[in-house]
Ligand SMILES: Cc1cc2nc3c(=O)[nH]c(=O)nc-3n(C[C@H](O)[C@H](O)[C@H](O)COP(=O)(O)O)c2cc1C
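First, one chain by itself in structure tokens, the form predicted alone.
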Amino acid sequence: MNNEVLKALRERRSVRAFKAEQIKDEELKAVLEAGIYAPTGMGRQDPWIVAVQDPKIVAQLVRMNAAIMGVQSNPYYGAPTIVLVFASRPEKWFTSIYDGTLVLGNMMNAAYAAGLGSCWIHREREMFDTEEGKQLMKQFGLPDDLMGIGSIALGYPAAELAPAKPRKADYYRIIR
């Protein structure tokens, strides 16, 4: 079967080098809209999405993430936009982590389809469990009881995408 959605899913790759140029508003909105159409448990729409383009806050997020990782490098690979996803803690909503990851996946696929690069970045749970992280969440206007699920580094790729690694032969099974 050949269609544009399946082609994009096969071709999308994580980008780990970005141009400094900020993405266009319409591109960002297309990515965010893809996120809000991700499936969620019982249609609850539990996740919250925050797109950060303010250079001072981007630098703060870089510093926080790098500290948790124990590195001096930029864990967001120089992306000019960082899109954060938050959701309820699992004890409050049992599918919150899954819902948030589906939002991130949708946005990464939409980014590729829009000509952007993206990379899933971890450690947002640890970042936003700190006092500094909780203060940022307040600044973002988020409810107090959320946790960081993950983020995507988002921007224009600085290099050609590498081809996909071969898929393992026994990746899936069909049981009839």
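Each residue number is its position in the shown sequence, starting from 1. Here the structure is a predicted model, which means the values were calculated and not measured.
Keep in mind that the form predicted together with this ligand is not shown, yet the notes after this line are about it.
The contact residue chosen from Met137, Met64, Cys119, Ala110 relative to this ligand in the predicted complex is Cys119, the criterion being a non-hydrogen atom within 4.5 angstroms. Heavy atoms within 4.5 Å of this ligand in the predicted complex map, among the stretches 22 to 30, 56 to 64, 119 to 127, 43 to 51, onto 119 to 127 alone. At least one heavy atom of Tyr77 is located within 4.5 Å of this ligand in the predicted complex. With contact defined as any non-hydrogen atom lying within 4.5 angstroms of this ligand in the predicted complex, the contacting residues in 14 to 41 are Ser14, Arg16, given in sequence order.
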